[in-house]
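We begin with a single chain expressed as structure tokens, specifically the form predicted alone.
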């Protein structure tokens, strides 16, 4: 049975025939169940992404209201991924150059501790491992990897909130720690050559160190859910192939690449209209929200990088994410994860955009 709508597809056991049907059908339509316009064809998605009225955040809420005021709101507002402001293009270019030029040292990777490889331990590993890998890439000391993962988790858990509460309080504390940790790292005397070049380029562009440091924290933030989805879906693929035990780096990369093509970690993204626009002969008014179904676009263009977005807000760390997921997968297989059992019983976390497998959940009540 097909999913009820594109958001239902993210957690569906097999949404890809549905996505293929969307790709073949109308490039743009109104989904009454969601109150959204839905765009499925690659050309239509690009047209929306290029339109100056299409914003990554609602114009009247550039930061989730529950996070304001406070450190979590300040940090979120600085993320280039969540921003269409004038410095966006400059900052995106600097970050892209940093990722391309930064060559981490040969320090041994400190992966998250798993203990007994229970379903719960695997779920926790999926959430933490991408942040550990990104922290290592940034050159942070291994002693803070787990703290970074915990802080990113606390920050993320507050984003669905509509009003301030205990999760928001925890997010403010986590954001303050992340901002301070990354700012100290950026400005430290022993900072890597690439970090020093980033800082110097930021100064020339009149970008404050606090903004640069926030976007180093933003790289940790970006890695979390999408990284968990890529790693988890590659793990499920390994189980369905009967792959157990240690694999080579090349085998791990092949599994990750296949997961990107066949079961990608990010299925959709949104744009919020600051003004009216006309796309595919349809008029969409200001204030409306458009759902861009990247997974449907990928059915039409399987060799494109749709899971990582496109154009101005395409993820600059796509290749980095691929390498990190492969390394994290290889480590998990070496530790003896029972991939076949994991792939036999799973569901997907109830997220609107990221497809992240979940292995620890209550049994369904018997009928």
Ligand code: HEM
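The model shown is predicted, which means the values in this text are computed figures rather than measured ones. Residue numbers count along the first chain shown, from 1.
Below, we turn to the form predicted together with protoporphyrin IX containing FE, even though it does not appear here.
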### Message
Given the stretches 278-286, 173-181, 218-226, 68-76, which is the single one in contact with protoporphyrin IX containing FE in the predicted complex, using a heavy atom cutoff of 4.5 Å?
### Response
218-226
### Heavy atom of residue 233 within 4.5 Å of protoporphyrin IX containing FE in the predicted complex
no
### Query
Would residue 126 count as a contact of protoporphyrin IX containing FE in the predicted complex, using a 4.5 angstroms cut-off between non-hydrogen atoms?
no
### Query
Should residue 185 be counted as a contact of protoporphyrin IX containing FE in the predicted complex, where contact means heavy atoms within 4.5 Å?
no
### Task
Indicate whether protoporphyrin IX containing FE has at least one heavy atom within 4.5 Å of a heavy atom of residue 134 in the predicted complex.
yes
## Note on the structure
None of 298, 337, 321, 40 but one has a heavy atom within 4.5 Å of protoporphyrin IX containing FE in the predicted complex; the exception is 321
### Summary
Exactly one of 150, 156, 99, 211 comes within 4.5 Å of protoporphyrin IX containing FE in the predicted complex through a heavy atom, and that residue is 99
### Summary
Those residues of 68-104 with a non-hydrogen atom no more than 4.5 Å from protoporphyrin IX containing FE in the predicted complex are 80, 81, 88, 92, 99
